[in-house]
Each structure stands twice: as C-alpha cells, then as structure tokens.
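Before any questions on how it binds or moves, here is one chain, the form predicted alone, in structure tokens.
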C-alpha cells in the first residue's frame, strides 16, 4: 500500500494539527488528544459511518459531517463540541435508545455498554419517541461460545467488521431493510457451532452487550485474529457481489421463490458466503424467499406512497381480499405484502401484482383491478 507523504494543516477545537493527507478528522483528533465519541468505528479499520455519533462541525460546510469517514483537508477548521454538535449527538443517542429494547436499568453489566455510557454522558433521559412495534428477538444461547441478544443490537456493524477484517471470516452481515434490518448469519439462522466455532472475536467489539459469553462458558478460545481478507480475496468478493443479483434472478426464473438451497447454489457460483446472499435477497422486495400465491401483491408503504394515500388503499386490499399483510387467500390466488419500495414514487400510491405496476391508486380502484386476475 502506498502512503502519501503530503501533509495537511488544519485546526481542531482551536488546536493546530499537521497530519498525512487522507487522515480522517477522527484520526487527526485522536492524534491531537481530542476525543470524539463513536459507536460503530473500529480503529485501524475502514469506517462504516452508520452511528452518526462522531459528527462534527466544519467551518463553511452546509451540514454536520461524520468525522470517521471525512478526510481532513488543508485549512479545515473543525469544532467537535459546539452546542449544535452536542444537541444533534444527544438526539442521535436518544433515537438509538428508542429502538434499543435492552433493559439497562436491570443489567449488571450496563457500565460496559457504550450506548448506556453515551446516554449518561449526554444526559439523555427516557426517549420521547414511541415505537409502535419494538424490535424484540429471543436470546440465542445454543452456541457454547457466543450468546446473542439481538434486542440489544444497535446495528453498529462492528461485529461484522471484526468477523471479516480481524477474524478473516464471513459469518455475519446485515439482512432486510429499514426498521426490519438485523445482523444475520447464514440463511438468517442462529449462530451454530458449525458457523462460528471457538472464536468469539466479535464479542470484544460489541458496544452494547448484544454479544456475550454464555454464563456456563468455561472453555479456552483457540482462535486468534488473522490479518483479515487478503487483497485477492477482497477483489474476488467485489467480483462476486457484481454477479450476485444476476445469479439470484436466474434462480428466481426457475422457481417462484428463493429457497435456502437456491441461495446456496448462488453462493457457490459467485464465491460468497450464504449470509451475504441472504442479506441481498432480503433487502429487495422483488426477491421472494417463500413460495407465494399465484398472484403476488406488493403495496408500497414508503414516504411518497404514504403521503399520497397508501394507508386507505392497503385497507381496501385487506377488505376485498379478506387477508392481512403477510397472508395468502384460502384459495391460493393472492398473497399480500407491504414493502418499503417498488421504485414507482412518481406514481404513488403504487402496487405490483406479479410484475404488473398499478399507480395513482385509490381505494375505489382496488376491486376492479383484482377482478382482472
């Protein structure tokens, strides 16, 4: 790897700094002894930029920026603790707590929770926002090495980075999308000993206690960190991801849905782990993972459709079909799904029946449209 010899001069919180070109604001601040909080970043590894706790104010910038992925530029003036920065950080922590169903009050290990400590530092009280359906997952304790409580997960992705870049494995990834997003393994399966054996590196990097040692664990971890994926492996992974969607579409053309076996075939073809294949397929609404009815209805619930009147249309679909989202009519003719996006914002509210697009919907149109099927 080639490193630039060029140096940039800047100021962080009034302190002059001189660092190598390409150094991020977060790295430069730490070199200068200035602490910027973060929950998703792992030092010496690529940034993910998902937690937004490390935001800072850059003079002349239109918005606050994430310090973990923004390079320090010549003459840049950075402020890490202005009232605006502190206010937004506090709001970000509060939003994370809203979806974080872990019971910090009763948790004896709460002092080890990075989110709990940030909430304390920024004096964040009980969240003001209500979540209609909180994320709740049963605790996974069948693995003798790692105990998972995804209800405490804040989707920081540190476990994924640790697994791939430090342990040199590909066990974990992000599946689904929006509020349904979660860290998945394999075909959204529990961490079994076959998939995750004698390692536990991810536990050391989890900031909330979503990953921990089982209470009865008495063994010795034999696995040791590696140098992660080689450049050759990284290139192969990029190539595999480019071929992934075409491979999934080919499998879908053979059947009405993508089974575990189908995804395993694609994983073998593109040389990617099953978790990556599942993660991509679960993101896209048009890639079904279960055998559906003859006519598959997908109605969009994203903001444009919602503002243009999607809820009454969904109500009309439920009334005419006599089923709720996620169900299939008794005769097997129709299934109904409420999805995040179908790429038809200009025709909101919109729905797909199989591959047919219907836009500018109203409740009165639904019965006539369904009669054509």
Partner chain sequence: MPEKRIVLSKCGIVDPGDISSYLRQGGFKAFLKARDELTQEGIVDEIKRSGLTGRGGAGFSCGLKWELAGKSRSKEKYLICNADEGEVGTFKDRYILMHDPFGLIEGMCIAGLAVGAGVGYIYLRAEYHSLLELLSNAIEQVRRKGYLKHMDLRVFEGAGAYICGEESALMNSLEGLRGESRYKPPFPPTQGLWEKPTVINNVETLMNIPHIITNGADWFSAMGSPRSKGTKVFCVSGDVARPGVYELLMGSSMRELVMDLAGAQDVKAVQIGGATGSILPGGRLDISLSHETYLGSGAVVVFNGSRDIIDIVYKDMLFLHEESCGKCTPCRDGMEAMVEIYGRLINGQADPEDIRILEDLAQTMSLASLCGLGQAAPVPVLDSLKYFHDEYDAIIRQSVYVRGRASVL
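Residue numbers count along the first chain shown, from 1. Keep in mind that this is a model prediction, so the values were computed, not measured. If you superpose the two forms and keep the largest set of C-alpha atoms that fall within 1.5 Å, you have the rigid core.
The same protein has a further form, the form predicted in complex with the partner chain, not shown here; the description that follows concerns it.
- Contact annotation: of the candidates 260, 250, 177, 257, the single residue with a non-hydrogen atom within 4.5 angstroms of the partner chain in the model of the complex is 177.
- The contact residue chosen from 345, 323, 42, 32 relative to the partner chain in the model of the complex is 345, the criterion being a non-hydrogen atom within 4.5 angstroms.
- Comparing 260-268, 121-129, 198-206, 142-150 against the partner chain in the model of the complex, the single stretch with non-hydrogen atoms within 4.5 angstroms of it is 121-129.
- At the 4.5 Å threshold, heavy atoms of residue 279 reach the partner chain in the model of the complex.
- In the model of the complex, the partner chain lies within 4.5 Å of some heavy atom of residue 352.
- Contact check for residue 187: no non-hydrogen atom falls within 4.5 Å of the partner chain in the model of the complex.
- Contact between residue 301 and the partner chain in the model of the complex is found at the 4.5 Å heavy atom cutoff.
- Although the partner chain is not shown here, in the model of the complex the stretch 139-166 places heavy atoms of 154, 155, 157 within 4.5 Å of it, in sequence order.
- Once both forms are fitted on their core, a CA shift of 2 Å or more is seen for residue 299 between the shown form and the other one.
- After superposition on the rigid core, the Cα atom of residue 20 is displaced by less than 2 Å between the shown form and the other one.
- Superposition on the rigid core between the shown form and the other one places the CA atom of residue 68 less than 2 Å from its counterpart.
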